[in-house]
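As a starting point, one isolated chain is supplied in C-alpha coordinates, in the form predicted on its own.
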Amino acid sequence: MTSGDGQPLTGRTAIVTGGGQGIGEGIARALAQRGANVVIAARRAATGEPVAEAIRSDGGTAVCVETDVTDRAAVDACVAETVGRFGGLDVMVHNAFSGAIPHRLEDADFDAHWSLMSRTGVWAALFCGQLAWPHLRKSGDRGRFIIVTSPSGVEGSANIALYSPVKAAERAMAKSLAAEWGPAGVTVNCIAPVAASPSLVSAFEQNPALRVAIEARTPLGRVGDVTDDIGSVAAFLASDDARYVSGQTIVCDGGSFMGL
(Lines give C-alpha, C1' and ligand atoms only; values in the text may rest on other atoms or scores of the structure.)
Protein backbone atom coordinates (compact mmCIF):
# COMPACT_ATOMS: atom_id res chain seq x y z
CA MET A 1 0.00 0.00 0.00
CA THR A 2 1.04 3.61 -0.52
CA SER A 3 2.93 5.04 2.44
CA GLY A 4 1.47 7.98 4.26
CA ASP A 5 4.57 10.19 3.89
CA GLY A 6 4.11 10.82 0.17
CA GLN A 7 7.01 8.52 -0.74
CA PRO A 8 5.31 5.43 -2.21
CA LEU A 9 8.47 4.24 -3.95
CA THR A 10 10.85 4.45 -0.99
CA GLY A 11 13.22 1.49 -0.96
CA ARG A 12 12.66 0.64 -4.61
CA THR A 13 15.20 0.94 -7.39
CA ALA A 14 14.47 1.92 -10.98
CA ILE A 15 16.45 2.14 -14.20
CA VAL A 16 15.27 4.71 -16.76
CA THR A 17 16.86 4.39 -20.20
CA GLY A 18 17.20 7.63 -22.08
CA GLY A 19 16.83 9.42 -18.77
CA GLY A 20 19.17 12.24 -19.71
CA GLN A 21 16.53 14.39 -21.38
CA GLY A 22 12.91 14.81 -22.34
CA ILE A 23 10.34 12.25 -21.27
CA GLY A 24 12.99 9.98 -19.76
CA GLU A 25 14.20 12.82 -17.57
CA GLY A 26 10.64 13.59 -16.54
CA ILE A 27 10.05 9.96 -15.56
CA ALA A 28 13.34 9.79 -13.65
CA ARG A 29 12.51 12.94 -11.72
CA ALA A 30 8.99 11.75 -10.90
CA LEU A 31 10.23 8.39 -9.61
CA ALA A 32 12.90 10.05 -7.49
CA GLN A 33 10.42 12.55 -6.07
CA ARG A 34 8.46 9.59 -4.75
CA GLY A 35 11.46 8.02 -3.05
CA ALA A 36 12.92 5.62 -5.63
CA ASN A 37 16.62 5.11 -6.17
CA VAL A 38 16.99 6.06 -9.84
CA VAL A 39 19.64 4.99 -12.33
CA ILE A 40 19.86 7.25 -15.37
CA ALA A 41 20.90 4.94 -18.20
CA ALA A 42 22.03 7.46 -20.81
CA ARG A 43 24.04 6.91 -23.96
CA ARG A 44 26.24 9.84 -22.98
CA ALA A 45 27.19 10.76 -19.42
CA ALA A 46 27.25 14.37 -20.58
CA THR A 47 23.44 14.30 -20.70
CA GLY A 48 22.73 11.77 -17.97
CA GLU A 49 24.96 13.03 -15.17
CA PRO A 50 23.41 16.55 -15.01
CA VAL A 51 19.99 14.96 -14.50
CA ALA A 52 21.33 12.68 -11.78
CA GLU A 53 23.01 15.65 -10.10
CA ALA A 54 19.80 17.71 -10.28
CA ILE A 55 17.88 14.87 -8.62
CA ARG A 56 20.49 14.61 -5.88
CA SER A 57 20.35 18.37 -5.38
CA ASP A 58 16.61 18.05 -4.83
CA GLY A 59 17.20 15.46 -2.12
CA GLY A 60 16.70 12.35 -4.22
CA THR A 61 18.96 9.40 -4.94
CA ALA A 62 20.25 9.05 -8.49
CA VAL A 63 23.31 7.95 -10.42
CA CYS A 64 24.15 7.95 -14.10
CA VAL A 65 25.39 4.82 -15.84
CA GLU A 66 26.52 5.36 -19.42
CA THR A 67 24.54 2.84 -21.47
CA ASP A 68 24.03 2.17 -25.17
CA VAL A 69 20.69 0.36 -25.18
CA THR A 70 21.38 -1.17 -28.60
CA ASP A 71 24.29 -3.10 -27.04
CA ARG A 72 23.07 -6.03 -24.96
CA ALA A 73 26.35 -6.17 -23.03
CA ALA A 74 26.00 -2.50 -22.09
CA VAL A 75 22.46 -3.06 -20.79
CA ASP A 76 23.68 -6.11 -18.87
CA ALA A 77 26.46 -4.02 -17.30
CA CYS A 78 23.97 -1.30 -16.32
CA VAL A 79 21.69 -3.82 -14.63
CA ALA A 80 24.63 -5.43 -12.84
CA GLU A 81 25.92 -2.07 -11.60
CA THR A 82 22.42 -1.10 -10.43
CA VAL A 83 21.96 -4.32 -8.47
CA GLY A 84 25.46 -4.10 -7.06
CA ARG A 85 24.93 -0.55 -5.87
CA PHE A 86 21.37 -0.74 -4.57
CA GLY A 87 20.87 -4.44 -3.87
CA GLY A 88 18.15 -5.09 -6.41
CA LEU A 89 16.05 -3.81 -9.30
CA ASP A 90 12.31 -3.29 -8.99
CA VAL A 91 11.40 -1.08 -11.94
CA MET A 92 12.79 -1.10 -15.47
CA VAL A 93 11.65 1.75 -17.70
CA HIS A 94 12.66 1.60 -21.35
CA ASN A 95 12.28 5.06 -22.85
CA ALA A 96 15.40 5.57 -24.99
CA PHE A 97 14.66 5.94 -28.68
CA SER A 98 16.31 7.37 -31.78
CA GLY A 99 15.33 7.88 -35.38
CA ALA A 100 11.81 9.32 -35.36
CA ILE A 101 12.46 11.35 -38.48
CA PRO A 102 9.41 12.26 -40.61
CA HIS A 103 9.38 10.22 -43.82
CA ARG A 104 7.02 9.05 -46.51
CA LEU A 105 7.28 5.35 -47.25
CA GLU A 106 8.57 5.92 -50.79
CA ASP A 107 11.40 8.02 -49.37
CA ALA A 108 12.27 5.81 -46.42
CA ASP A 109 15.86 4.71 -46.01
CA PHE A 110 15.41 1.28 -44.47
CA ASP A 111 19.06 0.97 -43.45
CA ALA A 112 18.95 4.31 -41.65
CA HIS A 113 15.35 4.67 -40.45
CA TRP A 114 14.29 1.09 -39.79
CA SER A 115 17.58 -0.15 -38.38
CA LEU A 116 17.97 2.72 -35.92
CA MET A 117 14.36 2.74 -34.75
CA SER A 118 14.03 -1.02 -34.41
CA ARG A 119 17.33 -1.29 -32.54
CA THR A 120 16.62 1.48 -30.04
CA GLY A 121 12.95 0.57 -29.76
CA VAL A 122 12.18 -3.14 -30.11
CA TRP A 123 15.61 -4.72 -29.66
CA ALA A 124 16.52 -2.51 -26.75
CA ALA A 125 13.19 -3.26 -25.07
CA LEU A 126 13.93 -6.97 -25.47
CA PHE A 127 17.37 -6.52 -23.91
CA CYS A 128 15.96 -4.48 -21.03
CA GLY A 129 13.21 -6.99 -20.34
CA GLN A 130 15.37 -10.10 -20.60
CA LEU A 131 18.16 -8.75 -18.42
CA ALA A 132 15.91 -7.12 -15.84
CA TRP A 133 13.61 -10.13 -15.52
CA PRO A 134 15.58 -12.17 -12.95
CA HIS A 135 15.61 -9.17 -10.62
CA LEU A 136 12.02 -8.14 -11.27
CA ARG A 137 10.99 -11.71 -10.49
CA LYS A 138 12.75 -11.44 -7.13
CA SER A 139 10.76 -8.26 -6.46
CA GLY A 140 7.55 -10.24 -6.95
CA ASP A 141 4.47 -8.03 -6.93
CA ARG A 142 6.71 -4.94 -6.79
CA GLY A 143 8.36 -5.83 -10.11
CA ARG A 144 7.53 -3.45 -12.96
CA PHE A 145 8.53 -3.21 -16.62
CA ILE A 146 7.35 -0.02 -18.32
CA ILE A 147 7.90 0.74 -22.01
CA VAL A 148 7.46 4.21 -23.43
CA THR A 149 5.72 3.75 -26.77
CA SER A 150 3.68 6.27 -28.77
CA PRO A 151 0.09 7.05 -29.74
CA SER A 152 1.31 6.34 -33.27
CA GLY A 153 1.75 2.72 -32.25
CA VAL A 154 -1.96 2.62 -31.42
CA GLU A 155 -3.61 4.71 -34.12
CA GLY A 156 -0.88 5.09 -36.76
CA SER A 157 0.30 8.38 -38.22
CA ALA A 158 0.96 9.72 -41.68
CA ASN A 159 4.53 10.41 -42.77
CA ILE A 160 6.17 8.12 -40.22
CA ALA A 161 5.39 4.79 -41.83
CA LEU A 162 8.27 2.92 -40.17
CA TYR A 163 8.00 4.57 -36.75
CA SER A 164 4.43 3.45 -36.10
CA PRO A 165 5.04 -0.31 -36.53
CA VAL A 166 8.11 -0.15 -34.29
CA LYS A 167 6.02 1.44 -31.55
CA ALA A 168 3.21 -1.06 -32.16
CA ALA A 169 5.73 -3.89 -31.73
CA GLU A 170 6.67 -2.51 -28.33
CA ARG A 171 3.00 -2.68 -27.32
CA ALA A 172 2.71 -6.26 -28.53
CA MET A 173 5.82 -7.17 -26.57
CA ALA A 174 4.39 -5.64 -23.41
CA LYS A 175 1.18 -7.66 -23.78
CA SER A 176 3.11 -10.87 -24.30
CA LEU A 177 5.36 -10.26 -21.31
CA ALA A 178 2.41 -9.28 -19.14
CA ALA A 179 0.94 -12.72 -19.83
CA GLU A 180 4.26 -14.48 -19.34
CA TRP A 181 5.33 -12.69 -16.17
CA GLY A 182 1.96 -12.25 -14.52
CA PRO A 183 2.17 -15.47 -12.48
CA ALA A 184 5.27 -14.03 -10.77
CA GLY A 185 3.38 -10.87 -9.85
CA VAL A 186 5.38 -8.67 -12.25
CA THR A 187 3.38 -6.14 -14.26
CA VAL A 188 4.22 -4.90 -17.74
CA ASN A 189 2.67 -1.77 -19.24
CA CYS A 190 3.22 0.91 -21.85
CA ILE A 191 2.88 4.68 -21.74
CA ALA A 192 2.04 6.47 -24.98
CA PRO A 193 2.79 10.15 -24.33
CA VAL A 194 2.47 13.47 -26.06
CA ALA A 195 4.69 15.89 -24.16
CA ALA A 196 7.06 18.82 -24.60
CA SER A 197 10.21 16.79 -25.15
CA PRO A 198 13.24 18.52 -26.74
CA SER A 199 12.43 16.98 -30.12
CA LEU A 200 8.82 18.20 -30.03
CA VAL A 201 9.83 21.65 -28.81
CA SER A 202 12.32 21.83 -31.69
CA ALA A 203 9.57 20.82 -34.10
CA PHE A 204 7.35 23.57 -32.70
CA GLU A 205 10.12 26.11 -33.21
CA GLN A 206 10.52 25.06 -36.82
CA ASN A 207 6.77 24.87 -37.41
CA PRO A 208 4.70 26.97 -34.98
CA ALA A 209 1.52 25.79 -36.69
CA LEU A 210 2.24 22.29 -35.39
CA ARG A 211 1.73 23.37 -31.77
CA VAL A 212 -1.51 25.11 -32.74
CA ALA A 213 -2.73 21.97 -34.50
CA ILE A 214 -1.85 19.65 -31.62
CA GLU A 215 -3.44 21.90 -29.01
CA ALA A 216 -6.54 22.33 -31.18
CA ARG A 217 -7.13 18.57 -31.44
CA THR A 218 -6.47 18.00 -27.72
CA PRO A 219 -9.52 18.35 -25.45
CA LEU A 220 -7.36 19.54 -22.55
CA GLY A 221 -5.93 22.18 -24.86
CA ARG A 222 -2.23 21.84 -24.08
CA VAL A 223 0.86 19.74 -24.61
CA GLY A 224 1.86 17.54 -21.67
CA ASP A 225 4.63 18.25 -19.17
CA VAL A 226 7.29 15.54 -19.12
CA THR A 227 7.42 15.30 -15.32
CA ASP A 228 4.01 16.27 -13.98
CA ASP A 229 1.89 14.73 -16.74
CA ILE A 230 3.97 11.81 -18.02
CA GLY A 231 6.35 11.06 -15.17
CA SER A 232 3.50 10.92 -12.70
CA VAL A 233 1.80 8.19 -14.74
CA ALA A 234 5.02 6.17 -14.77
CA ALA A 235 5.27 6.65 -11.01
CA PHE A 236 1.71 5.38 -10.61
CA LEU A 237 2.48 2.29 -12.69
CA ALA A 238 5.59 1.70 -10.57
CA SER A 239 3.65 1.92 -7.31
CA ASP A 240 1.55 -0.53 -5.34
CA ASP A 241 -1.54 1.37 -6.48
CA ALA A 242 -1.07 -0.14 -9.96
CA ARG A 243 -0.40 -3.70 -8.85
CA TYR A 244 -3.53 -4.93 -10.69
CA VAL A 245 -2.80 -3.05 -13.94
CA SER A 246 -0.89 -5.05 -16.54
CA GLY A 247 -0.72 -5.48 -20.30
CA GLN A 248 -2.10 -1.99 -20.85
CA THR A 249 -1.10 1.06 -22.87
CA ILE A 250 -1.86 4.28 -21.01
CA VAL A 251 -2.26 7.00 -23.64
CA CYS A 252 -1.17 10.29 -22.05
CA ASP A 253 -2.15 12.84 -24.69
CA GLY A 254 -4.75 15.10 -23.11
CA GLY A 255 -7.62 13.20 -24.68
CA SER A 256 -6.56 13.51 -28.32
CA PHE A 257 -7.00 9.77 -28.92
CA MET A 258 -10.03 8.06 -27.41
CA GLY A 259 -10.25 4.89 -29.47
CA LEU A 260 -9.25 2.31 -26.84
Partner chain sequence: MTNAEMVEVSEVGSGVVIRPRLDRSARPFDSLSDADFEAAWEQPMRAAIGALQDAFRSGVKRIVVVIPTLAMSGGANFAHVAATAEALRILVKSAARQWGADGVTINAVAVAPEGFVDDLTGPTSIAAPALEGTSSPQEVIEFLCSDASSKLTGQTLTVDGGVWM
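Positions refer to the first chain, counted from 1. Small disclaimer: the values here were computed from a predicted structure and weren't measured.
Another form, the form predicted together with its partner chain, is not on view; read the next lines as being about it.
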Residue 139 within 4.5 Å of its partner chain in the predicted bound form, heavy atoms:
no
My question is simply whether residue 165 lines the interface with its partner chain in the predicted bound form - judged by any non-hydrogen atom within 4.5 Å.
yes
Residue 186, heavy atom within 4.5 angstroms of its partner chain in the predicted bound form
no
Distance check, residue 176 to its partner chain in the predicted bound form, heavy atom within 4.5 Å:
yes
All three of 212, 253 and 258 touching its partner chain in the predicted bound form at 4.5 Å, heavy atom to heavy atom?
no
Only one of 74-82, 91-99, 152-160, 186-194 sits within 4.5 Å of its partner chain in the predicted bound form by heavy atom distance, namely 152-160
Let me know which residues along 112-134 have a heavy atom within 4.5 Å of its partner chain in the predicted bound form, or say none if there are none.
114, 115, 118, 122, 123, 125, 126, 127, 129, 130, 133
